[in-house]
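The data below hold one chain only, encoded as structure tokens and taken in the form predicted on its own.
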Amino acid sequence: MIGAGISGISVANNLSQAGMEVFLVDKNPYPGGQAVFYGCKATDECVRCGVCLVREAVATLKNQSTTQCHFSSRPVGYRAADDAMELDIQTTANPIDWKACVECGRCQEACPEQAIERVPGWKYFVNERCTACGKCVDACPVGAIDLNRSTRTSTLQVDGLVVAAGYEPFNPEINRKWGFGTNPRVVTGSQMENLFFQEKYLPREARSMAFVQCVGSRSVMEGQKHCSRVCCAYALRMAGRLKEEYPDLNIDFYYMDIQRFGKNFDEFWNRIQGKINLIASNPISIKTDEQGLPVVRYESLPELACREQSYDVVVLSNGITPAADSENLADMFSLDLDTAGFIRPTGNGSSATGNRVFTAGACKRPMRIDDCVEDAAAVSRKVMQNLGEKP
């Protein structure tokens, strides 16, 4: 299993529960991918944001799975013959040995640089802020921390492969029209997701906010012509949660059109329209005024005129782009990419490997969390069928 996001974990859990031996490989020092640090959007009722599905999958991997996890690892070589497949992986171990960690949290308390984070439902890891001061090593009661990280290469003997490499959030800094990177009050939807996780939504003095849709989606200028599909869902759920937390907050929502999502979309849509201001316009630019506030310039369609509006915070609903290593993985496993750079779906593998290479989740196309879980279930059935196991 290459990739330990929600798709990779779900397939791994399914196959493990079916009695198969599973290896899970991921470049991060933890499972859960992008969504593990997302926060729940529920207000007075569940809005089916899917975050709980990620928590459940991680908990199952930790407590019930026999899956062998190889974190901080990446594939560097691959060989396939008629009856065997070999995958070489390179591992640069995180300073915290997650297998030995007893989750006491003393390392995090001792760290002066806030370089130790805990993954929801999982354990701790050391991030890039580490200065190797060694205080965490002294604080750990079980000797689970080693700051002298080494790199090693190992080989896995497998009968099949599932590529679940996930995606990358679009970086709006490449287009200066969005003002991202120059004004700290302009943030991405991905950053807001992390704030939801930390329950640090907004400064209390904030009175106005704008959501701007289709940032890095459906744009020839930004090289991303596809629709990311997930942006409408996460932005509208965020807006609803924020309005619940801050009843006096004025929220403007700029959009081209809205992607329907979920079984109860009509009911949700009717509720959210009474809470936020929907503006059918694709903003022209975002600049900064003399007070340092972001100013959205947009075309007002009812008036057929350009207007400007300042906000305390602007959230750019950045879309989904192919994972950074999609091209390398496609080359390694003889898979094809579509015009947007996503890995083309395959249920039967490639000609070089027979029916033994599969793809799952958002590495194939933009998917919501619940879409990824459903796709993982389908891929799990195909794997068990093609590798001779009962579905």
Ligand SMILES: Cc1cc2nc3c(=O)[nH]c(=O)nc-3n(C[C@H](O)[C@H](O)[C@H](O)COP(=O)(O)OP(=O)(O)OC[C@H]3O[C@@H](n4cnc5c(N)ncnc54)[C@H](O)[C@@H]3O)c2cc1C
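Numbers for residues come from their place in the sequence shown, where the first is 1. Remember, predicted model here, so these are calculated numbers, not experimental data.
The next section is about a form of this same protein that is not shown, the form predicted in complex with this ligand.
Open item on the list: Taking this ligand in the model of the complex, would 172, 236 and 261 all count as contacting it (heavy atom within 4.5 Å)?
Closed with: Contact check failed for every one of 172, 236 and 261.
Open item on the list: So in the model of the complex, is this ligand close enough to residue 358 to count as touching (4.5 Å, heavy atoms)?
Closed with: Result no; residue 358 lies far from this ligand in the model of the complex.
TODO: Answer for residue 57 alone: is it within 4.5 Å of this ligand in the model of the complex, judged on heavy atom distances?
DONE: No, residue 57 is distant from the partner.
Open item on the list: I'd like to know whether residue 367 contacts this ligand in the model of the complex, with contact meaning heavy atoms within 4.5 angstroms.
Closed with: Contact with this ligand, yes.
Task: 4.5 angstroms heavy atom contact with this ligand in the model of the complex for residue 334 - done: Residue 334: no, not in contact with this ligand in the model of the complex.
Task: Interface segment, criterion being heavy atoms within 4.5 Å of this ligand in the model of the complex, picked from 176-184, 108-116, 242-250, 189-197 - done: Stretch with heavy atoms near the partner: 189-197.
TODO: Using heavy atoms only and a 4.5 Å cut-off, determine which of 218, 123, 275, 74 is in contact with this ligand in the model of the complex.
DONE: Looking at the other structure, the residue within range turns out to be 74.
TODO: Give, in sequence order, every residue of 41-66 that has a heavy atom within 4.5 Å of this ligand in the model of the complex, or say none if there are no such residues.
DONE: Counting only heavy atoms within 4.5 Å of this ligand in the model of the complex, the contacting residues of 41-66 are 41, 49, 51.
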